[in-house]
Every structure is written in structure tokens, then in C-alpha cells.
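Next up: a single chain in C-alpha cells, the form predicted alone.
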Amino acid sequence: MDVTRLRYMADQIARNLAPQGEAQAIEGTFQHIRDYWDPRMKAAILADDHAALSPIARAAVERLSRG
């Protein structure tokens, strides 16, 4: 899958969860990516430039990178 599409998807998840507040949105985005994205998708987003993501998606992906 194209990394541009993965960025869009991560940002979309983060945007949908943003009304819950930043901390909950980060946690929800992290959990969604961890639980529902296949390993290739996770590897691609982790290898990409996290600065290209929205702040909530960036925090979620950085948390994912820590395990």
C-alpha cells in the first residue's frame, strides 16, 4: 500500500477521534493501527517521515514504534 494513503488513513482515524480529547484520540488511534493494520502497513508507516502526519497521528505512530 502506498505510504501516502497510509498517512491519509492514520490522519483520518486521528481526526475522527479528536473530539474525544487529545490523550484519548492518541490512544484510540494507536490502538486502531496496532489492532487492525496488517504488519506491512505498520512497517510502512513506521518507516515513513512522522512529521508528515497530524499531531495526533504522529503521537500514535511514535507510540507504536516504542512497542
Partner chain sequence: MGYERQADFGTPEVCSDTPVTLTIDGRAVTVPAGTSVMRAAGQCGGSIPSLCATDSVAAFGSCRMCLVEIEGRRGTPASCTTPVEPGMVVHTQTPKLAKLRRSVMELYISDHPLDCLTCSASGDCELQDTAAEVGLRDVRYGFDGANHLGLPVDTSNPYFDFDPSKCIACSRCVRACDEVQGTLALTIDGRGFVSKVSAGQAADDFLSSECVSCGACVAACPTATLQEKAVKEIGKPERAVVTTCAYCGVGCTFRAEMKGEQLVRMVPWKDGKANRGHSCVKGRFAWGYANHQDRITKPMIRESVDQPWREVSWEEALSYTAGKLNSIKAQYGARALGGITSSRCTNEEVWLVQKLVRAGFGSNNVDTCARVCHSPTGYGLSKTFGTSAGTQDFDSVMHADVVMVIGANPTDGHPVFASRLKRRLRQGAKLIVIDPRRIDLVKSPHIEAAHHLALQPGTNVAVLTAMAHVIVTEGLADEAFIRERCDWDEYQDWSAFVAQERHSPEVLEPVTRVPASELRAAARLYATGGNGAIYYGLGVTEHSQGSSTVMSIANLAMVTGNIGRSGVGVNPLRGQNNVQGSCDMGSFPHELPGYRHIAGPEVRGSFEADWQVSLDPEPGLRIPNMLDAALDGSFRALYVQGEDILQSDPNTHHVAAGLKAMDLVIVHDLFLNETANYAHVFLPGSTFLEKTGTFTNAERRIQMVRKVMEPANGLEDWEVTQALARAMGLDWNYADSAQIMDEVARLTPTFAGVSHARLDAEGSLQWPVNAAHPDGSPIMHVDGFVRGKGKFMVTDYVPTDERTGPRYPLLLTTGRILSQYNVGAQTRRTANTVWHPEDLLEMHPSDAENRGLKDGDWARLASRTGETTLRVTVTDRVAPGVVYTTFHHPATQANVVTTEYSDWATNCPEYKVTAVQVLPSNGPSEWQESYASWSEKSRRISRVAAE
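Owing to the predicted nature of the structure, the values given are computational and were not obtained by experimental measurement. Residue numbers count along the first chain shown, from 1.
The discussion below concerns the form predicted in complex with its partner chain, not included here.
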Quiz item: Using 4.5 Å between non-hydrogen atoms, is W37 touching its partner chain in the predicted bound form?
Solution: yes
Practice problem: Look up in the predicted bound form whether L17 has a non-hydrogen atom within 4.5 angstroms of its partner chain, and give yes or no. | Solution: yes
Quiz prompt | Partner contact for I45 in the predicted bound form: its partner chain, 4.5 angstroms, heavy atom | solution = no
Quiz item: So in the predicted bound form, does any heavy atom of M9 sit within 4.5 Å of its partner chain?
Solution: yes
